[in-house]
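In the form predicted alone, a lone chain appears below as structure tokens.
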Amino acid sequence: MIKGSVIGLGKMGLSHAAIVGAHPKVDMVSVCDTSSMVLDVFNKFTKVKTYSDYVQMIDNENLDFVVVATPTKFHYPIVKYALEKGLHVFCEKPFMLNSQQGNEIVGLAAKKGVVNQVGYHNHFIGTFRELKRLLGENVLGELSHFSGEAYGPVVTKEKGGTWRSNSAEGGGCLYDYASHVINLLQEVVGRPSKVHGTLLKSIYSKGVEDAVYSLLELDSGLTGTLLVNWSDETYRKMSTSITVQGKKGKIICDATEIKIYLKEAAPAQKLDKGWTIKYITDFAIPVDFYLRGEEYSAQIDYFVDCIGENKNARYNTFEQACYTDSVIEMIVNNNKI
């Protein structure tokens, strides 16, 4: 059995603890959080060891990996300490608050030769994987435009300050919401290398943005838009989509379906002329434990399998997440011009 622990037991940390704790290949030996109330619940209802100090836990327990789900401002010291002890690390997004720290951690992970992964779960949604595959098969021909969008009801009224209203803690729509879309775009369509214009708009929040609108240029020269708003109450939950246009057609993709329009049929892909709609049920990744969506379990399954098989991760590596952080910095700097 692979021995693991979860550090940080907020919303995502508790989800990870449930998934890790139910995993057939994992022995979740401990958890760590600063909340005595949360730890009391684990002490009462589980046999898992509890700690309030991650250093003490890592030093005391014979762990193979840790899942780090703390607020972003704590990622750097925790991940660094775990790597220095030779542990495999799964870290929640956003990765770091600046790319300088990120590059240091990327280098350390490579030096230690450990499995490293960040929780950009969209890469474990089958429709987005199919979009990447179709673009790789050049079904749209020469590309002309892309758009990455996300909307949801996170901040829908003015309220008191929390970590979400402090960019130094990873708060704000750019770090918390738009990072998902940026990371998905960079690995599915191409990596942004320039930012030509940005609007960071506050709607209800004070001190951080509630919406991000930006014009991006990829390494390939392709340009497109980033459109993200977490103050849109017309959505029940976060909704992420990518649209890609090319000379041969257009693809619109989200977490539930992929809609493909082709000017001419593509027999090799079994796609007819005109519109073809396929649903997530055709592409969903099978998992043993379903919580919030199969993608959350699938990403942990992949992380555990990489550890067990002693192979490097291809999805959601520290390097990929660090690049996302660098794009966020480009957007912030562009907004200051």
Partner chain sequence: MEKVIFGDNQFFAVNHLSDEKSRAQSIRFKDDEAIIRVLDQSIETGINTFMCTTHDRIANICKHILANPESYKNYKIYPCMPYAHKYANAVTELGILGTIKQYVPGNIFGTFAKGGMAYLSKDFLKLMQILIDAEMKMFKGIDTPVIFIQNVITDMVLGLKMYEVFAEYDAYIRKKYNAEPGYITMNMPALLDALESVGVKNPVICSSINKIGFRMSGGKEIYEKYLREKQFRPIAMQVLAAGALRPKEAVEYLGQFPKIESVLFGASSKPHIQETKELIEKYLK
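Fair warning: this is a prediction, and the values are worked out from it, not measured in the lab. Numbering follows the first chain given and starts at 1.
As for the form predicted together with its partner chain, it is not shown, yet the points below apply to it.
Within 4.5 Å of its partner chain in the predicted complex, a heavy atom is found for not a single one of 56, 104 and 300. Per the 4.5 Å heavy atom criterion, its partner chain in the predicted complex is contacted by stretch 284-292, the sole one of 60-68, 308-316, 284-292, 266-274. Of the residues 109, 188, 134, 154, just one reaches its partner chain in the predicted complex with a heavy atom at 4.5 Å or closer; this is 154. Contact check for residue 206: every heavy atom lies farther than 4.5 Å from its partner chain in the predicted complex. Although the partner is absent here, residue 46 sits close enough that one of its heavy atoms falls within 4.5 Å of its partner chain in the predicted complex. A residue is said to contact a partner when one of its heavy atoms sits within 4.5 Å of a partner heavy atom; residue 259 meets this definition for its partner chain in the predicted complex. Although the partner is absent here, residue 14 lies within 4.5 Å of its partner chain in the predicted complex, judged by heavy atoms. In the predicted complex, its partner chain lies within 4.5 angstroms of at least one heavy atom of each of the following residues of 222-241: 235, 236, 237, 239, in sequence order.
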